[in-house]
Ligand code: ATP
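Taking the form predicted on its own, here's one chain by itself in structure tokens.
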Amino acid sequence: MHDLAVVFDDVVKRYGEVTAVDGISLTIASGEVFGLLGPNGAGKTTSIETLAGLRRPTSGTVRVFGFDPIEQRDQVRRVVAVQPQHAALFEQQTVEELLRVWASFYRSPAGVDSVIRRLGLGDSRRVRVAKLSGGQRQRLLVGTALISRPRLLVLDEPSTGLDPNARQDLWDAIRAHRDDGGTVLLSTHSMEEAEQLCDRVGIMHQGKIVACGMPAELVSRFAPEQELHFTVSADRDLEGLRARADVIELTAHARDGQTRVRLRTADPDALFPVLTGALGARQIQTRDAGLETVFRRVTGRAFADFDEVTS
């Protein structure tokens, strides 16, 4: 138990007739990056609020480094920092001023210059918060969490609205926190983010953890097939390929006289002669199916379908 940062034991959280968290049990080891992956409404944010002591579970127990987040809230606050999706900041302070104020709240904070550098905010250090872009503001929110040097860093959709460079800065900061001995709980919509950052992932669906493990293990268990991506001329007939027993799924998109094809198969070697022969396929790439396919298998729906429902 000493190596466990977080323990959820059969945790349920209800709001009247609505069950937001439905009996989840999981552990997060000290020193790992654990991802909660799921769409809006899956129960991720409620789980985080329960862990942070902001919500009392309807039933079940939560422990953070052995502490009860409700009964021992002060102890939990000393070791946990939460970066929510949205938070109010002092708009007229500069980035550096704000982080220095945040640092003054803690006995042994991280260096302000170090946090600014880690998050790629060097060019913005003297910019007032009110003037920051959405991506800069998002990284600053993460900075206010990192400044306390928490044992557990909790991030709720941290890369929302970030451009690729800013996102990479954020990912590097998360990895650095783990390398320094910290633990990270990351709530995310992004399959790529989960695959790139997380040591383990828990997929949430309708308040339940429906799959949990290392990303590669989940792919091997639920989606052992591979994807082939290639291009053919727009006049090529793909129906024969689509009808093959070893083709699990095929999607095609025509544009500018050519068709871009993605198919899933358990036996890509058997398909290569077909692709390079009569079809004349070009730019052939082989990829693992990935967490997107795992999500579809364990929930019965594609991730994008949930976004359409909740948008």
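Sequential numbering from 1, following the sequence displayed. Computed from a predicted model, the values in this text were never measured in an experiment.
Absent from the display: the form predicted together with ligand ATP. The rest refers to it.
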Task: Heavy atom of each of Phe90, Val95 and Arg137 within 4.5 Å of ligand ATP in the model of the complex - done: no
- [ ] Scan Gly31, Gly60, Gly41, Gly66 and let me know which has any heavy atom within 4.5 Å of ligand ATP in the model of the complex.
- [x] Gly41
TODO: Check each of Glu227, Glu193, Glu157, Asp169 and return the one that places a heavy atom within 4.5 angstroms of ligand ATP in the model of the complex.
DONE: Glu157
Open item on the list: Would you classify Arg264 as touching ligand ATP in the model of the complex, given a 4.5 Å non-hydrogen atom cut-off?
Closed with: no
Open item on the list: I'd like to know whether His177 contacts ligand ATP in the model of the complex, with contact meaning heavy atoms within 4.5 angstroms.
Closed with: no
TODO: Classify Arg151 as contacting or not contacting ligand ATP in the model of the complex by the rule of any non-hydrogen atom within 4.5 angstroms, answering yes or no.
DONE: no
Open item on the list: Can you tell me whether His189 touches ligand ATP? I mean in the model of the complex, with a 4.5 angstroms heavy atom cut-off.
Closed with: yes
TODO: Enumerate the residues of 6-34 that have a non-hydrogen atom within 4.5 Å of ligand ATP in the model of the complex, in sequence order, or give none.
DONE: Tyr15, Val18, Ala20
